[in-house]
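Just one chain follows, in the form predicted on its own, and it is written as structure tokens.
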């Protein structure tokens, strides 16, 4: 029976179209990393590099060494983390995995070939067939669309990882510098306490000071020494957290300034900050892409509900006694036991689950940005009040007490106690200044994605010293 010419032309056209579409699917030269670099530069103002070869690693190492040659600013610390953090470099490889899935979805599966040899007496028969997964070919545009959305989702997730690392590094730098500044003031408090304890001991030996007052001065000295030890621990923890984020193998090369940056003269206004967050947050863009991909996947599951396997093959049977036979065959799966309902129900459940997650993400985004904005304003007011009112008042009180001491109206112990209270006020101002800069970093992160939990290295408390010194 002769083969149908229309079917042959249709088969040839289908194979040619499929080969053309499959041949167009190639990997991009930069693996999609250029978009990450552009968005990172626009949002964070810093470069990010994917070190995939020795030349790039050498250039990155040189840039890091140049930045480490002087005390790091917060921006320099962020730049080093974006260049040198090993965890970030490892996460960049997810881009290659996602692009590989996308390219694979746009390429034809390899055809199947079968060859059989049969003999009947002197007759030798050769059966040859070439099979192609026609179901894959028909659904290839839909699958490619799904993988394209997942690839874009992976790219945006990596941008969010970059911005979150930048925010974490900035916060770690703030905590480390604040710990250095606080430890310096705690050492001043301990020096004052040591002077008071030594003077009390001498006066007690001369009989001019009671044992109770001497014990109080010694207890305060011991509390001040403990506060210095805790401040040293806080400084060490904050520094090591920063070293980990920077990916430094030799922490001795890290230099930090001794003071936090000053507070800004005024806070910039942020009109429509909620709407701005809804328009620019990357986590919202990611859930939208994932919801679109799941919607496409649900459509695919419904279309392939009854026929999940469909193969088209060309057959050629050759024999040494009969003419050559040619033809084609189509094989598919009969939906007798599995009507594909389980796949459809699973796809519908994933889609509904994603819609609820998207709604929750939107609610969280609005709440997080409102919270971050309010906390930054509150921390700014607290820091300004401590810096502009409480610390100057403490300084004025110390000056007045110094005049009274010079006039022999108060004792040296009262002067030392006042010095300790002034140092405690300065420490509180440092903590408030640190908290403002941390709140500012959280707000910047909240405009790009979820800021995550705040990781604070507490400054050494001065309450014990203040309480002891307030006697």
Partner chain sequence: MTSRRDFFKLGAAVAAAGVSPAAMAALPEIVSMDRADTRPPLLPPNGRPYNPVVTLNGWTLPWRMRNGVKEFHLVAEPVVREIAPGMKAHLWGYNGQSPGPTIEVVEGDRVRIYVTNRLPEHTTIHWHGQRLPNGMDGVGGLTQPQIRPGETYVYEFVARRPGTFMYHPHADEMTQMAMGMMGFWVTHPKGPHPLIDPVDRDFCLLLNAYDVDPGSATPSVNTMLDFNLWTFNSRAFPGIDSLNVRLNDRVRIRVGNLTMTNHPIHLHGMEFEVTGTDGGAVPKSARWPEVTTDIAVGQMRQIEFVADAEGDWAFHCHKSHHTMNAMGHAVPTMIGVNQDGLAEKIAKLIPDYMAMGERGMADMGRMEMPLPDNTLPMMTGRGPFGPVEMGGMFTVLKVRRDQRRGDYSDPGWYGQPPGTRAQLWPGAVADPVRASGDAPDTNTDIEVTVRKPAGHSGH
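Numbering follows the first chain given and starts at 1. Computed from a predicted model, the values in this text were never measured in an experiment.
If you look for the form predicted in complex with its partner chain, you will not find it shown, but the lines that follow are about it.
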Considering 402, 42, 66, 58, which brings a non-hydrogen atom within 4.5 Å of its partner chain in the model of the complex? 402
Which one of 192, 163, 174, 277 is close to its partner chain in the model of the complex, taking close to mean a heavy atom within 4.5 Å? 192
Partner absent here, but in the model of the complex, which of 66 to 74, 440 to 448, 29 to 37, 406 to 414 has residues with a heavy atom within 4.5 Å of its partner chain? 406 to 414
Find out whether any non-hydrogen atom of residue 214 is located within 4.5 angstroms of its partner chain in the model of the complex, and reply yes or no. yes
Are any of the heavy atoms in residue 206 no more than 4.5 Å from a heavy atom of its partner chain in the model of the complex? yes
Should residue 188 be classed as touching its partner chain in the model of the complex when contacts are defined as heavy atoms within 4.5 Å? yes
is_contact(residue 429, its partner chain) in the model of the complex, heavy atom dist at most 4.5 Å: no
